[in-house]
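Given next, in structure tokens, is a single chain: the form predicted on its own.
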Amino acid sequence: MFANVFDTLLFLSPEFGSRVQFGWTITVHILFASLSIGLAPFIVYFTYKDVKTGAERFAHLRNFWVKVFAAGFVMGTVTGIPMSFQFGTNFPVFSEFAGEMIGGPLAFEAKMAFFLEAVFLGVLLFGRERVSDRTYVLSSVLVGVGAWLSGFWILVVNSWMQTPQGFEMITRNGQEIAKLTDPVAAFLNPRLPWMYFHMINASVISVALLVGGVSAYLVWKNRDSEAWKSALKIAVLILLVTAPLQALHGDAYARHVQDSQPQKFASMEAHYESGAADLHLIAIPTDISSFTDPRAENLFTVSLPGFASFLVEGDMDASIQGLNEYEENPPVALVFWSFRFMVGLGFLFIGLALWGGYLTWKDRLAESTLFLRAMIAASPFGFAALLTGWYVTEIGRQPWVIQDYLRTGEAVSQSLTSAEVTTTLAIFVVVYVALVLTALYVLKWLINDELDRMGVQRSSRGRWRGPIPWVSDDD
């Protein structure tokens, strides 16, 4: 009896452990995947300007960010491969149920996108003096195409899980499976254009903040650096376009979610009672239980009455189906707070972009120490917003792994034990944390090497005296 109690306290259930394990691996992987996607337009621009103008500053920026791209590509590959194995080890029922639907896009991602990106990344890294200028620029474009194409095929699979179509249910070997009948309808499902644009734009925003933060730091250390002043300006201009665009697109995206996944939309707003839905501009928990069970009666909110209904239906009195209408709901607190965190950061990015745009217009971008510090501080927040948006997408679909067709609990391996899933989860946590720390160390090494190149003196004792925690140098 005591052994059973000990096992219950120590080990996670196979379903919960599998969900956490896959969620953790995709959390880390998506950081590197979005880095590749978001860096692609920067790489193309710096490469083109280098070849077109022959200016040393663009050659330098190209060289620096190609190295960052390469490091992210390697880490993305290492962290992404185990996820495909988890389909078999943790979710074999899902693999059998949806094999015809997901096998093709995942194979296309590997053969069509990954190898394209890998081959021409090699040209970018080692071929500047070995190929013609036109071939070199084309290589940067094909690397970007490979990164964006990789994201496309992965999102084909995920968007189909959100809005499945193009198949029929059949029984094979005593098990119901989805038989592909219309590949075009399945691959180009209703969710794909919304998800793809939102993810690509979110990746570009995240990298624009990273480029802006690194550039701001190096400009702050050396105000005469023309290369990094150019990079900072480009990052601000890109942010000025992409941040407001993400807000506008997200508003329209929410309407699509309400139409196709009303339970997810209700979770995003913690809307329990069917009827007109208020839009909570600010939601503050009033007690501990409010964090885990956010409801209108136990939150301090600043809300626009009926405005959530207006946003999705065009009518402030339109009835939105509440969570009480469903037998089983996703973890509402995670969806609700993740959504607010993402939206809050989104408006922060818009403010930062407008501030930077104003300073650029006044030709004072590199002179404002306060703005430089703000960009440095905001450099990791784009990835934080991207991750919380991904949590809204994935956790909000629960309890379904394939919306309305296959529940997550039904997709998990029946032979998997609690000890096995807990042990492998612990291993994945340790290994993936080490990989993230390695990536940060590479970025630190590149930044410190840049400081040396610019002649900035750094503390020999390695104490941090600047605004980037992982870079050690004097002000």
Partner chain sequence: MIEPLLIPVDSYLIPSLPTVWFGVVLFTVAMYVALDGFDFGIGMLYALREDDHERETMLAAFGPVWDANEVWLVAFGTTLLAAFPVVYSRLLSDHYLVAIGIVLALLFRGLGPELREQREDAQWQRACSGLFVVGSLLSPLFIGMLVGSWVFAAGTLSLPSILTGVGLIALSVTNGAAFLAAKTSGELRAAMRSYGIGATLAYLGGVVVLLAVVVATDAGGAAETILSIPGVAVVGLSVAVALGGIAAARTENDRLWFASTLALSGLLVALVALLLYPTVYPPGGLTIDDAVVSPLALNLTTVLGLPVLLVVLWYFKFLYGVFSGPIEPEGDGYGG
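Bear in mind that the values here come from a model prediction, so they are computed numbers and not experimental data. Residue numbers count along the first chain shown, from 1.
The following text describes the form predicted together with its partner chain, which does not appear among the structures shown.
A.B. asks: Since the partner isn't included here, can you check whether its partner chain sits close to all of Ser95, Asn173 and Thr438 in the model of the complex (heavy atom within 4.5 Å for each)?
C.D. replies: Contact check passed for all of Ser95, Asn173 and Thr438.
A.B. asks: Just to confirm the contact call: exactly one of 425-433, 35-43, 402-410, 52-60 touches its partner chain in the model of the complex at a 4.5 Å heavy atom cutoff, so which is it?
C.D. replies: The contacting stretch is 425-433.
A.B. asks: How about Pro244 - does it come within 4.5 Å of its partner chain in the model of the complex, if we only consider non-hydrogen atoms?
C.D. replies: The answer is no: Pro244 has no heavy atom within 4.5 Å of its partner chain.
A.B. asks: Is there a heavy atom of Gly127 lying 4.5 Å or less from a heavy atom of its partner chain in the model of the complex?
C.D. replies: Output for Gly127 is yes: heavy atoms within 4.5 Å of its partner chain.
A.B. asks: Is Ala252 close enough to touch its partner chain in the model of the complex, meaning at least one heavy atom pair within 4.5 Å?
C.D. replies: Ala252 lies outside the contact set for its partner chain.
A.B. asks: I'd like to check something about Thr181: if you look in the model of the complex, is any of its heavy atoms closer than or equal to 4.5 Å to a heavy atom of its partner chain?
C.D. replies: Heavy-atom contact with its partner chain at 4.5 Å: present for Thr181.
A.B. asks: Of the residues Leu348, Leu354, Leu188, Val78, which one places a heavy atom within 4.5 Å of its partner chain in the model of the complex?
C.D. replies: For this set of options, the contacting one is Val78.
A.B. asks: Would you kindly say which of Val141, Leu237, Ala107, Ala384 lies with a heavy atom within 4.5 Å of its partner chain in the model of the complex?
C.D. replies: Of the listed residues, the single hit is Ala107.
A.B. asks: Looking at its partner chain in the model of the complex, which residues in 44-61 have at least one heavy atom within 4.5 Å of it?
C.D. replies: Counting only heavy atoms within 4.5 Å of its partner chain in the model of the complex, no residue of 44-61 makes contact.
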